[in-house]
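Only one chain comes next, encoded as structure tokens, the form predicted on its own.
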Amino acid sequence: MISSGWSLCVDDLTKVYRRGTVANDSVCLRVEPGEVYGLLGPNGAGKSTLVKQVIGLLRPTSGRITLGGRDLVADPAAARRLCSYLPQAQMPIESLRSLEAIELTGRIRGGGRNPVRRRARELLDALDLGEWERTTGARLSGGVRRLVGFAMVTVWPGRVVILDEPTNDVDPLRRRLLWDEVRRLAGDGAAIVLVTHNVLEAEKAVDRLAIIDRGRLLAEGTPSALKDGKDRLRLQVMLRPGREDPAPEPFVLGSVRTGHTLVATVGSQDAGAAIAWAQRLVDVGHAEEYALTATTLEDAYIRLTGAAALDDPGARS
């Protein structure tokens, strides 16, 4: 059984910048060892500010951050020692070979030479990176370099591992390998914090998540618990280019348009009426196709933030 003594606790955390911008507003959350916890929200929501306070790079205006009985606000050095962090930007390893970069990071974090070398080899194999182990960072593709950065962070991980958009530029096959490694880290007792605006990945990868916008925690729970509920359905209508939004029907509970796609929420009792409406839009040439499915985490995200998921090309930035 994984001990809960190393829970990451954020209590009533507020960060206000000098010009009065409130980046975090009374945020409270708890991440348990062995858990993959998502921070989901649009750009500028306050996710990065929250993470920088956890790892000791920013000091909160008020509130507490504790890990294993240690006060990370009072002791930022402990925060940097106990937390591993993969930033959204690429690691600066232009002149280092992949294996060198991974081993060097593990040694800096306190690992012994032989255990670090063993673990580095395991990660290269697990992520299918063996052919690039002697390639310098300057010659790596963005996706491979991202995976090398992940290996640098996890070769000798802290009690908390924070991953900011870890799959950026990574190909689909190696994404699956990366998520396998994330699960393995959690199984070994690390608390994993996944920072993302990718709703689809969050729904598949996390145990629990918090939806954050404008500095406030809007909702928290499992992906299933945050969905709109069993009595609602998602109607997705692909509109023809240049067409305006169709006139709303009384059974539409809410809708948002992303590019040429209109996503509406309808009650399950109105499924027949929703299909008939969508089919009429196709018949008159206003739409190209439609689909009626169960609600997703994206629907909850839209409902709470008023924005479409940011992994969609037409969504706001």
Partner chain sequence: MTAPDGTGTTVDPTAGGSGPGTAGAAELRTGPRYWVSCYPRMVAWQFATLRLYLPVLAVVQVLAGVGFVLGIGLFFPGEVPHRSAVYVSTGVPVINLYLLGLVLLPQVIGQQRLAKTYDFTQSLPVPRSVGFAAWYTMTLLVGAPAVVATLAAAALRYDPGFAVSLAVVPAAALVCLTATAVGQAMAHAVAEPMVVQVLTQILNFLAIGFAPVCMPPEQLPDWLVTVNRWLPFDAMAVVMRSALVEQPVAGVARACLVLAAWTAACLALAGWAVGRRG
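In this text, all values refer to a predicted model and were calculated from it rather than measured experimentally. Residue numbers count along the first chain shown, from 1.
One more form of this protein should be noted, the form predicted in complex with its partner chain, which is absent from this view; the next part is about it.
Contact with its partner chain, judged by heavy atoms within 4.5 Å in the predicted bound form, is confined among 196 to 204, 241 to 249, 212 to 220, 151 to 159 to 151 to 159.
Residues N168, G259 and A300 are none of them found to lie within 4.5 Å of its partner chain in the predicted bound form, as judged by heavy atom distances. Heavy atoms of K52 reach within 4.5 Å of its partner chain in the predicted bound form, making it an interface residue. Contact check for A126: no non-hydrogen atom falls within 4.5 Å of its partner chain in the predicted bound form. A residue is said to contact a partner when one of its heavy atoms sits within 4.5 Å of a partner heavy atom; G68 meets this definition for its partner chain in the predicted bound form. At a distance threshold of 4.5 angstroms between non-hydrogen atoms, A78 is in contact with its partner chain in the predicted bound form. Think of it this way: in the predicted bound form, its partner chain has a heavy atom of just one of L96, L178, L140, L235 within 4.5 Å, and the residue is L96.
Residues from 56 to 75 that approach its partner chain in the predicted bound form with a non-hydrogen atom closer than or equal to 4.5 Å are G56, L57, L58, R59, G68, R70, V73, in the order they occur in the chain.
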